[in-house]
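Next comes just one chain, in structure tokens: the form predicted on its own.
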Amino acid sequence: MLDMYFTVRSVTPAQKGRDALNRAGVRCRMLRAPRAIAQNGCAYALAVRAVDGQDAALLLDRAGVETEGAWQRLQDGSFMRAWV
């Protein structure tokens, strides 16, 4: 099961996004963004199952959570930018 990561600038929008996703029933993990996808240094990420990526993107937008990017984690552990 591959993961989709949404990066945000700081902990506050990460918490807001996590809470919005959890309320909607989309399971997510909040974590420090892996260095490979942290575009502006210190960043956080919300990780969801890849199959939930489209729904998560819509829910984050509706909650007013500004994401820096969406990334697909590949089987080899690397990341590819995702367009959701």
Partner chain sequence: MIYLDNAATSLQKPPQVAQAVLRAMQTCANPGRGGHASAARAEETVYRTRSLAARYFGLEPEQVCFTANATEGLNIALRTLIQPGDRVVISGLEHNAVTRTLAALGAEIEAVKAPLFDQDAWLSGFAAALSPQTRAVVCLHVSNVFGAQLPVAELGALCDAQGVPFVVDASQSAGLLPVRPSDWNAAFTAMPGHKGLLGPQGTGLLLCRTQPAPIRYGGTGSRSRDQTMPEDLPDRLEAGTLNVPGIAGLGAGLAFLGAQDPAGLLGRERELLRYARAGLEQLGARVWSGPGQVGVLSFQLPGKDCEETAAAYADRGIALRAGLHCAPLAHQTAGTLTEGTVRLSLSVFSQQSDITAFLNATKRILPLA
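Bear in mind the structure is a predicted one, so any value in this text is a computation, not a measurement. Positions refer to the first chain, counted from 1.
There is also a form predicted together with the partner chain; it is not shown, and the following applies to it.
Although the partner is absent here, N22 sits far enough away that none of its heavy atoms falls within 4.5 Å of the partner chain in the predicted complex. Contact check for M30: a non-hydrogen atom falls within 4.5 Å of the partner chain in the predicted complex. Contact check for C42: a non-hydrogen atom falls within 4.5 Å of the partner chain in the predicted complex. Of the heavy atoms in K16, some are within 4.5 Å of the partner chain in the predicted complex.
Heavy atoms closer than or equal to 4.5 Å to the partner chain in the predicted complex belong, across 61 to 75, to one residue only: E68.
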